[in-house]
Structure formats: C-alpha cells, structure tokens
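Only one chain is given next, in structure tokens, and it is the form predicted alone.
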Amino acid sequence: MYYGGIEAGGTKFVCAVGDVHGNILERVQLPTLTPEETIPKVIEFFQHHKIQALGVGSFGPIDINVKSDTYGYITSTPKTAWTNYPFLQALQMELHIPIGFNTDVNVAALGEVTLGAAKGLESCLYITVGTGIGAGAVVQGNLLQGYSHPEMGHILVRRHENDTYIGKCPYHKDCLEGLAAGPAIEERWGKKGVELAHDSKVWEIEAYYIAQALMQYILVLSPEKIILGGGVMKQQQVFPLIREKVASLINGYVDLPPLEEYIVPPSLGDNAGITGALILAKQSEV
C-alpha cells in the first residue's frame, strides 16, 4: 500500500509517494508560488499514482480544529497569496481520498518519534530554525493540540546584552523568530548564516536565544527528546553552545539526560517532514 505526503513550505512543496516505513517511491519538489500556480501541479502529481490516503504538513498558521468552519485553511500567513486559502478542501475536491492535515513541524515531530531520533519514546519536541521558527510536540504519543496548534517560535526571550538588532518578526519584532531565524541572522550580520560559520559571536548570540526557548519548553512540556532541525541548525557548531547554555539556565533545577543525547539533530535529516506526512496519511484512514 502506498500513501502520499506533502511537505508544504514557504519556499517549496515536496510531494512524495511512499510507505509508512519511510521508503519513498517517487518525489518531486515544486516552488511555492501562488495557490493557482502550485496546487494544480501538486494534484496532477498525485493523480498519476494510486495512493490510499494523503498526509499534509503545511506552513502556517493553519486551522487544524476539525470543529472549525475554516478547518483545513491556511490563515494569517505573511505569504499574502495564501492568506485564508482552503488548502485541504482544494485537495479533497480533486483527489477524493482520506487526507490528514497538520503543521509542517508537527508532521516532522511525528516522523522523528515514529522512525527517527525519538523512536520508542512517548514524547519529543521538534523545532525547526530556518526561514522561520516553529515547533511540534508529541505528548504521550499524540501530537499536541489545543484550541489550535502551538506557535512556539513566537515566545519572548531576553535580549543578549551585545545585541542591538531590532528584530525581524512582522508581528512581534523581537520574539524568538524575530531574533534567531535565518532572515534575522542575515539582516543583523549582513550575510547568510552559512557564510558566517566561523564567526563565533554570531553563534554565541544564536545559542543564547535558542537555549532560552529550550529552557521554557523543557519546564512546560518536559519532552523526552529535543530535536533541532532546519537550515540554521545545519551549523553543527551551535549545538555544543546551546547545550552549555541550557545547562547553565536550568542550573540543576530539574534532572535531565546527558545533553549530548537529549538535544540532537533530526536522525531523518531533511526527510523528517515528508516521512511524517506519509505516517499522517496512514493515520487519516482510521
């Protein structure tokens, strides 16, 4: 049995056909343009395959409350062409199969807890630090959801004493995303993070903000594993700095596993999201 998966990001859509073990039969990558340009190509890809169900992990904010009139919509996204777009309904209208719909970070968390770095655990936190910052949480084996999905990238953090950068978030300026996402790094320093790999002060400030966020997540959610993904986190030199600062901030208040095993990169790498989408597709059949 094959399933379909969509990892819908702000810059690209990854569409794949595979099984629930993460084996991918075929995949394509499409640029995220307008819905009128992108969605017909997505639908066409899946119409050429016999799939049992489809799982979608989307950029957001999105409405994942099944009781809501706008369930399945992309809502107040900064990508104006996609604002209030009925994403799920557009797919259902053409594909006529069960479709699971959730956030891109939630499906990545689902992938990692099922087949990746948190396999065998009951809880984990998956955080992506890239164009934006978002997090998905698995608690007692289930994706965390309340009124809507968590927006952990927009918490407030204390400003680093040497950081005068105003912040990039269009809603909150100097929230976590506004200070630590990829575009903030580039605007603050005048270069992309990948070009600043050997500049220690860049990663000192980055680790300072991420560690504060992790402290708050640890104290609120107590995850069994924290997984840090996204383009910025490909700078492996920041991991030891984050762990060091988390240890300092927690200051022995709660017992944690060895941080080298607790705060880790995704073991599924760039496939965490699409793998989670395939697993979500299987779950949607129930």
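Note that residue numbering follows the sequence shown and begins at 1. Note that this is a predicted model, so its numbers are computed, not measured.
Another form, the form predicted in complex with another copy of the chain, is not on view; read the next lines as being about it.
A.B. asks: Would you mind picking the one in I51, L221, L30, L259 that has a heavy atom within 4.5 Å of another copy of the chain in the predicted complex?
C.D. replies: Selected residue: L221.
A.B. asks: Have a look at A90, V139, V202, I97 for me and say which one sits with a heavy atom within 4.5 Å of another copy of the chain in the predicted complex.
C.D. replies: Among A90, V139, V202, I97, a heavy atom within 4.5 Å of another copy of the chain in the predicted complex occurs only for V139.
A.B. asks: Choose from 110-118, 185-193, 171-179, 79-87 the stretch whose residues reach within 4.5 Å of another copy of the chain in the predicted complex, heavy atoms counted.
C.D. replies: Of the options, only 171-179 has residues within 4.5 Å of the partner.
A.B. asks: Is it the case that V129, V264 and I279 all touch another copy of the chain in the predicted complex, with a non-hydrogen atom of each within 4.5 angstroms?
C.D. replies: Answer is no for this spot.
A.B. asks: I'd like to know if L143 sits close to another copy of the chain in the predicted complex, meaning any non-hydrogen atom pair within 4.5 angstroms.
C.D. replies: Flag for L143 set to yes.
A.B. asks: Examine H160 and determine whether its closest non-hydrogen atom to another copy of the chain in the predicted complex is within 4.5 angstroms.
C.D. replies: Result no; H160 lies far from another copy of the chain in the predicted complex.
A.B. asks: Just to confirm, I250 within 4.5 Å of another copy of the chain in the predicted complex by heavy atoms?
C.D. replies: Answer yes; at least one heavy atom of I250 falls within 4.5 Å of another copy of the chain in the predicted complex.
A.B. asks: Can any non-hydrogen atom of D255 be found within 4.5 angstroms of another copy of the chain in the predicted complex?
C.D. replies: It does: once another copy of the chain is placed as it appears in the predicted complex, D255 has a heavy atom within 4.5 Å of it.
A.B. asks: Just to make sure I understand: among 141-170, which residues lie within 4.5 Å of another copy of the chain in the predicted complex, judging by heavy atoms?
C.D. replies: Sequence-ordered list: N142, L143, L144, Q145, G146, Y147, S148, H149, P150, E151, M152, H154, I155, L156, V157, R158.
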